[in-house]
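Presented as C-alpha cells, the chain that follows is alone, the form predicted on its own.
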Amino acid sequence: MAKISIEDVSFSYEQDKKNNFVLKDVSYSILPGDSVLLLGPNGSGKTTLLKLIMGLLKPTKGKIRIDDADTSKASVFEISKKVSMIFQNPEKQFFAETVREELSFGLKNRGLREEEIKKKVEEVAKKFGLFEYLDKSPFDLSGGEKRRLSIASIIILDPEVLIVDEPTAGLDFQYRNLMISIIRGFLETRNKSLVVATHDIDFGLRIANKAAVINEGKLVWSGDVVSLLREEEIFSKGILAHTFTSSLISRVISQSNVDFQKVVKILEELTEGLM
C-alpha cells in the first residue's frame, strides 16, 4: 500500500510574490494504515495540501512523494491509481450524464466486465440511497444526494489512499453515520490509509487514529488523536475549538486510564439512543 511523504513543502498561488505562501515548510508522512485527521481554521491551507497530494497543484518548494513517485512529475491520472479524493464541492467531480455513468466511469477505465460493473454500481447505489436516481442527471440531485454520489463514486474504486475534504458537509444524521460506517469498512482493509480535512472534530474522533493541525500555513502539531485531546494549548489559543463531545472525552481520558475507543463507543450509543 502507498506511503505519502511530504518534504518541506511550501506553496504560493502567486508565483511572483514569493513570500505570499499558503503553506510554509510542511513536512509530514502518511503511512499505510494511518487514518489522519487534518485540522485547522478556515484559510489555514488544509484543502491546498490535499490538492498538492493529488497532484492538482505542484509545490512551489519541496516535494511530495507517493511511494517513489514525485507528484510534481507524475500526472494526476498516475496518482489516481493509488490515491483518490472526495472534494468539498461535489459538482466539481461530476461530468457524466447520469448517476449510473458517474459510478461506472472509473470501473470501465480499469477494464472490468460490464456485468461486474453493473453489479458493483447497483450495490453501491443501494448502500448510498441512490438506486432510484441511477438514470437521473447528477446535477439534478439535491445537495445531500450530490454529496452522497461524490462519496460513492470514489468508494466504488477502492483506492489505496482515500482523501476527503469536509466529508459531512450537507449530510443529515443518517447519512453522516453511514459515512462513518463506510470509512470504517474501508480502513478495515489491511494497510489502507485515509486523510480527512474537516471542521467536524466529533466526526473525526470516530474514524481517525492520528491528527495533524495546520495554522496560518504551518504544521503546528502532529501526533495521535488521544494526545491532541490533551493538548490544551492548541484549544486555548483558538486554533481549534472544542465541541461538547470532544471536551467531555478530553476530561474523561485526562482524569483516568479509560480506553479512548470505549469512550467514543459509549458516546455513540448514547447519541443514537437520543435520536
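All residue numbers refer to positions in the sequence shown, first residue = 1. Remember, it's a predicted structure, so these values are computed and weren't measured experimentally.
What comes next is about the form predicted together with a small molecule, which is not displayed.
Asker: Report the residue, out of K136, R176, K81, K118, that has at least one non-hydrogen atom within 4.5 angstroms of the small molecule in the predicted complex.
Answerer: It is K136 that has a heavy atom within 4.5 Å of the partner.
Asker: Which residue, D140, E188, E123, E114, is the contact with the small molecule in the predicted complex, using a 4.5 Å heavy atom cutoff?
Answerer: Exactly one residue meets the criterion: D140.
Asker: So in the predicted complex, does any heavy atom of P41 sit within 4.5 Å of the small molecule?
Answerer: Yes, contact at 4.5 Å.
Asker: Is T47 part of the interface with the small molecule in the predicted complex - any heavy atom within 4.5 Å?
Answerer: Result yes; T47 sits at the interface with the small molecule in the predicted complex.
Asker: Any of the heavy atoms of E102 lying within 4.5 Å of the small molecule in the predicted complex?
Answerer: No.
Asker: Given that the partner is absent here, does V22 sit within 4.5 Å of the small molecule in the predicted complex, heavy atoms only?
Answerer: V22: yes, in contact with the small molecule in the predicted complex.
Asker: Can you tell me which of 71-79, 142-150, 106-114, 200-208 lies within 4.5 Å of the small molecule in the predicted complex, counting heavy atoms only?
Answerer: Among the candidates, contact is made by 142-150.
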